[in-house]
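Only one chain is shown below, in structure tokens, and it's the form predicted alone.
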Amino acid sequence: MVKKNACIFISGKGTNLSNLIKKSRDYNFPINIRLVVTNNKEAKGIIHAKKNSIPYIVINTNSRYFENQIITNLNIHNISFICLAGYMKIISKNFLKRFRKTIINIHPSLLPKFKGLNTFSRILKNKEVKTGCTVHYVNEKLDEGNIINKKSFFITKQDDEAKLKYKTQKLEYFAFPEAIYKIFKDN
């Protein structure tokens, strides 16, 4: 199997990054993680990249040319697939045009419900019975790309925002790799 070179974009702890790194060690997993991009120099996920000898770049999204910096690095590492794993910045239309159908995102709700931020508080406020996570292709509209995979669970009366986040992240560790398998099985 020829694995695709992948880049993971992160902004925080990098728990999905860590999970994908572990999965990528499996011979049958379709991607190798060759680069990590973050917009946060304090992102704890950088530790996972360092620990696994994966090159990473910290970008300043206030810079006018930050996307050029990303594209240069993607080209250097022959990246053909991008996973957004807690990356808290909007991807520009120009960037999307260049990498169409090769960027996926994981979102902590059952899309199309609760797009954007503050997901868990909105889920509780809306008195939802069920929630979960969604892996989807990234397009020009926030959290609206074609859905690849979903995982769900029922909400209990004891669930607060912290518990919802914990349960959702546990599901993400299954949903993200399954979506990647599905994409490359279908191609």
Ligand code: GAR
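All figures in this text were calculated on a predicted structure; none of them were measured in a lab. For every residue, the number given is its place in the sequence shown, counted from 1.
One more form of this protein should be noted, the form predicted together with the named molecule, which is absent from this view; the next part is about it.
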item: Heavy atom of K23 within 4.5 Å of the named molecule in the predicted complex; value: no
item: Touches the named molecule in the predicted complex: K13 (any heavy atom, 4.5 Å); value: yes
item: Exercise: I104 in contact with the named molecule in the predicted complex, heavy atom 4.5 Å; value: no
item: The named molecule contact in the predicted complex: C83, any heavy atom under 4.5 Å; value: no
item: Residues V2, P30 and N78 all lining the named molecule in the predicted complex, heavy atom within 4.5 Å; value: no
item: Heavy atom contacts to the named molecule in the predicted complex at 4.5 Å, residues of 154-180 in sequence order; value: Q169, E172
